[in-house]
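Read the single chain below, which is given as structure tokens and is the form predicted alone.
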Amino acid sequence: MMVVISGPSGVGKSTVVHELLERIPGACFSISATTRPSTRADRPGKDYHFLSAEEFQRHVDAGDFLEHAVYAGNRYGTLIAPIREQLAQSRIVILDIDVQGGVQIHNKMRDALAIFILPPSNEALLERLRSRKRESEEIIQMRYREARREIEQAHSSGAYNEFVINDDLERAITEIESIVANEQARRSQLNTG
């Protein structure tokens, strides 16, 4: 089963995904491809598949991506082949992608379970972006505007099955874990019934 997790910058999405991978038996992470330069903190093949712009375009032209988009001037995408391999082994494949990608996946694979993580409020989101102390106020405001646009797009797209408010990290993770387990049980029942 494919599980798409999306949410705006600062909502805690990466932390949620990391915890889900620890807690859900048989879960694995879909590693995205990107044209962005690798940093010293990156682990190639674990965090991202780093591709040149030419390599990325070859994959686009060959139809190798389940979804792809441009974010902050770099290209990101989800290669289909590794996902199919994991799904064939009955694994739960978790994707951490933006709304653009979520909508593309919804249009191609209607059976993906898509969950969007929401902040408790716009004010809380702005405070979370500021508390990271990584960027200037100008960049924070740009990310905040983008986050609000993403939230609106997620609601209006029809691509998301569930919306989970991250007002308490443990509660949000437990809720998403429950959503995944219930969907697994539902699908299992359909396959045996």
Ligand code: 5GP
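The first residue of the shown sequence is 1; numbering continues from there. If you're wondering where the values come from, they're calculated on a predicted model, not measured in any experiment.
One more form of this protein exists, namely the form predicted in complex with guanosine-5'-monophosphate (5GP); it is left out here, but the text below deals with it.
Peer 1: Is it the case that Ala124, even though its partner is missing from this view, gets within 4.5 Å of guanosine-5'-monophosphate (5GP) in the model of the complex, heavy atoms only?
Peer 2: No, no contact at 4.5 Å.
Peer 1: Using a 4.5 angstroms cut-off on non-hydrogen atoms, would Phe163 count as touching guanosine-5'-monophosphate (5GP) in the model of the complex?
Peer 2: No, Phe163 sits far enough from guanosine-5'-monophosphate (5GP) in the model of the complex that none of its heavy atoms falls within 4.5 Å.
Peer 1: Quick one: does Arg36 come within 4.5 Å of guanosine-5'-monophosphate (5GP) in the model of the complex, counting heavy atoms only?
Peer 2: Yes, Arg36 is a contact residue.
Peer 1: Whether Ala69 contacts guanosine-5'-monophosphate (5GP) in the model of the complex should be assessed with a 4.5 Å heavy atom distance threshold; does it?
Peer 2: Ala69: contacts guanosine-5'-monophosphate (5GP) in the model of the complex.
Peer 1: Kindly indicate whether Lys13, Ser32 and Asp98 are, all three, within 4.5 angstroms of guanosine-5'-monophosphate (5GP) in the model of the complex, using heavy atoms.
Peer 2: So, yes: the whole triplet contacts guanosine-5'-monophosphate (5GP).
Peer 1: What residues in 43-78 sit within 4.5 Å of guanosine-5'-monophosphate (5GP) in the model of the complex, counting heavy atoms only?
Peer 2: Heavy-atom contacts within 4.5 Å come from Tyr48, Glu67, Ala69, Tyr71, Tyr76, Gly77, Thr78.
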